[in-house]
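What follows is a single chain, given as structure tokens, in the form predicted on its own.
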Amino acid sequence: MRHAERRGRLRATAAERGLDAVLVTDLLNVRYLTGFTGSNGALLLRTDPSPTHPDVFGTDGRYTTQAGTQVPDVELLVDRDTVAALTREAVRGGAGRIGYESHHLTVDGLHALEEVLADAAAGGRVPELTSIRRAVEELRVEKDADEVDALRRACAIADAALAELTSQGALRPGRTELSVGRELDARMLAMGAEAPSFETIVAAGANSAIPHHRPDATVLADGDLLKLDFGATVDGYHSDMTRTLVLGGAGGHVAAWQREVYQLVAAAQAAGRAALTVGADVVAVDAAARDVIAAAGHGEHFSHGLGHGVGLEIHEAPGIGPRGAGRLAAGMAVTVEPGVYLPGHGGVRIEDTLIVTDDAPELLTLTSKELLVL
């Protein structure tokens, strides 16, 4: 794995900001930098480490063995009060400016650190705490080869699970949204997923017009639009895919308005995918798809952003929407998911997970986007 390389990138950021050390307390960021997957862990990263003052990974006694296996290349400190113990280590190493994750640390947690620093530096200069904001998340935006591999495997499991559902008659009138969602989750788990990426969305009929409908006891019926938004988690990395199909009954009937809305969303999704180029402004990417929908008179029926980053979190930077900020870079993993939602009737969303590259974006969710009628 590339954890030492990732820590080196954070070290460079710390040096640029004039920091002597950084406390990383967000568990996903700790995992990104060390590989640790337990429930209590933090990292003290030195800007200029030495044999006498190296980086230190902290956890409690429950995870001594796990930490030795997952984080073999960082000095281990075992203390139930992990963050305070690492802060004392920073002071003992002479750190004058210590960065911390202000978006993660609570107000009480910050006060506790300030007390630790005051006590540790009694009689001398109290070290300064400085927010590094989302410095690690900024590093996580561009995925390395290991991360892309995990994302590919997560997407492949989701593709395969949906293929089984559609080929084996599991999506049929008479079943409830809840039962379909649970079966989809079970199939992903059986195929090797650690967990679903999020609460699977199964929305039938009028419920498909609710962008994030929670599946309930609604019974699938002939003629329904059926929206499935789901993903698998592999090695901590999430996939995200939405497909909308029609339960057409014996005659395979699709209402004209359903086909029209589907074709519109498919065209918008294709435009959004084509806009995923290195250097593209995320607002312009959103507009590429949104303008297609607006031109057809359905602008008010597309109520959310076009997409988002995906990785160790199901929603992470960059946000692709009218209020987004920044430009795309090679290695970003993003979704493209336009939708048109007609309250009381039904809605369509089509979503893929893709990797931005110097050439065309790499499509990771490979299930066909042709309108499927079951």
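From 1 onward, residues are counted along the sequence shown. Source: prediction; values computed, not measured.
Heads up, the form predicted in complex with a further copy of the same chain isn't pictured, but that's what we're talking about next.
- A heavy atom within 4.5 Å of a further copy of the same chain in the model of the complex is found for one listed residue only; from Tyr100, Phe302, Tyr262, Phe230, this is Tyr100.
- Distance criterion of 4.5 Å from any heavy atom to a further copy of the same chain in the model of the complex singles out Leu189 from the list Ala274, Ala120, Leu189, Leu139.
- a further copy of the same chain is not drawn, but in the model of the complex it has a heavy atom within 4.5 Å of Val107.
- Although the partner is absent here, Gln66 sits close enough that one of its heavy atoms falls within 4.5 Å of a further copy of the same chain in the model of the complex.
- The shortest heavy atom separation between Thr37 and a further copy of the same chain in the model of the complex is within 4.5 Å.
- Of the heavy atoms in Leu247, none are within 4.5 Å of a further copy of the same chain in the model of the complex.
- Judged against a further copy of the same chain in the model of the complex with a 4.5 angstroms heavy atom cut-off, the residues Arg133, Ala193 and Arg323 are in contact without exception.
- Between 85-93, 71-79, 285-293, 210-218, the stretch whose residues reach within 4.5 angstroms of a further copy of the same chain in the model of the complex through a non-hydrogen atom is 210-218.
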